[in-house]
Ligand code: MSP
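Only one chain is included here, represented as structure tokens and corresponding to the form predicted on its own.
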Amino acid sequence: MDKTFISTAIDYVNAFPHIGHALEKIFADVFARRERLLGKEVFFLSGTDENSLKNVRAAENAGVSVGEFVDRNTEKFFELKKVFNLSYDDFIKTTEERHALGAQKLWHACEKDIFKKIYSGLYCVGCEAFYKEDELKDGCCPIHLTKPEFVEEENYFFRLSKYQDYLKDLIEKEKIKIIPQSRKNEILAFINRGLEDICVSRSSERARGWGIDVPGDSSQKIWVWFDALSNYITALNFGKGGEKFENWWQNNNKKIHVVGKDIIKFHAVYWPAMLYSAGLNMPDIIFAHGFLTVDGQKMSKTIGNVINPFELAEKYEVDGIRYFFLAEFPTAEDGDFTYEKFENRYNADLANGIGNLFERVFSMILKYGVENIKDAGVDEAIADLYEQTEKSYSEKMANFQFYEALKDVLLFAGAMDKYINDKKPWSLLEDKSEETKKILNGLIFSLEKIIFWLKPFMPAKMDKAENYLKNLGGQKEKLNLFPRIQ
């Protein structure tokens, strides 16, 4: 059976999740569900990064132990699975024993490229990474817009510079495919500027004793990114080896990472270098999605525009939320959320669009009688349009172009509405001709295809529609699939 391994980035748990965290999980979930519908075996992984310095400082500010702090916040991140109907197969926490064993095993496997030296540099705790002065924006981290700290200590380093040519070839020849093309170009530009060796540990003192020990040196903790990136294989029991790791990583040619555009460097440069050093196989696809803004501004506690995902899910139907984030803007680009945009999109596409089409067709079929159209064919015009739509939709879904794929579905649904208006099947409900049967059967066929296409996006709603359609002959009430938001 074809296999697909798909992972999200693991989230820092220095605060409760916001809607941007849910967005990434929904992107990956749609792809995972689509793969399963195509009959593929899927391993879908998510998790939390609990070993970062920012978690330690957040716990200190909260006046609680780091362990208590990360446990409390991790629980909220895990709740996203149930609230947004996410289909994870596993959820890894970097404080788990299986992770620590695997991270240390990876360190051992890379030891030929690890050395120790005294180093000083500018460190952004938010990014958990060092920056050069020319990489800063007005003296601040370009991502967090905060001044980095000056750090000087003796740490372990990884010989990243050794793999510059290898990494360039890897990306240029798409042995690892980076989506979208703009992120591939960004990574190649980064490599071409020249790679330097990277610091892969921090002193236990600076880490406040929190994190995974460097093997054989308890005075040092493994750098959080070296630790965190290994989660993709530690969740597969890399630490103890065996069938799961061999099956899903080493002997699988479809391994996908879904990450934010701000951490593409770590996944497309550092991670492949670590794997190559350790003699392990590479990921196959890295998809970098855009950010979510709120009313045109970056989410910020200071501004007060952070959207709580749990409150949003209480206010609106979850499938409607899932749909909005995939239909409102291209997946690889930044998108903006406002309540007005959400309600307008929901009403236009779902209540007035898909939902109205389903209601029109179901009403006519119930009046005509399901038993009267058994074994009827499908109008050639509908069959041809389906084939065209299916081809376009499938290509777009395979490349994480969910926004564009949904446009295809909406165009198909719009064509079915026009087909109904042109054929006027409501005027033929007393007509038992083969042509009338073919028209009505073609409309049932079209709804079946729309349900299949939309299942990865709105699984609960499409299950409801599918069950209604399967038992159409016995239905006594109308199906109001997407009640209009007033």
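Just so we're clear, the structure is a prediction, and the values are computed from it rather than from any experiment. For every residue, the number given is its place in the sequence shown, counted from 1.
Not pictured, yet referred to below: the form predicted together with the named molecule.
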item	value
4.5 angstroms heavy atom contact with the named molecule in the model of the complex for residue 465	no
Contact flag, residue 180 vs the named molecule in the model of the complex, heavy atom cut 4.5 Å	no
4.5 angstroms heavy atom contact with the named molecule in the model of the complex for residue 270	no
4.5 angstroms heavy atom contact with the named molecule in the model of the complex for residue 255	no
Region of this chain that lies against the named molecule in the model of the complex, out of 215-223, 245-253, 402-410, 260-268 [heavy atom, 4.5 Å]	260-268
Interface residue in the model of the complex among 129, 236, 354, 292, criterion: non-hydrogen atom within 4.5 angstroms of the named molecule	292
Answer option from 200, 321, 286, 228, heavy atom within 4.5 Å of the named molecule in the model of the complex	228
Partner contacts for 47-75, taking the named molecule in the model of the complex and a 4.5 Å heavy atom cut-off	49
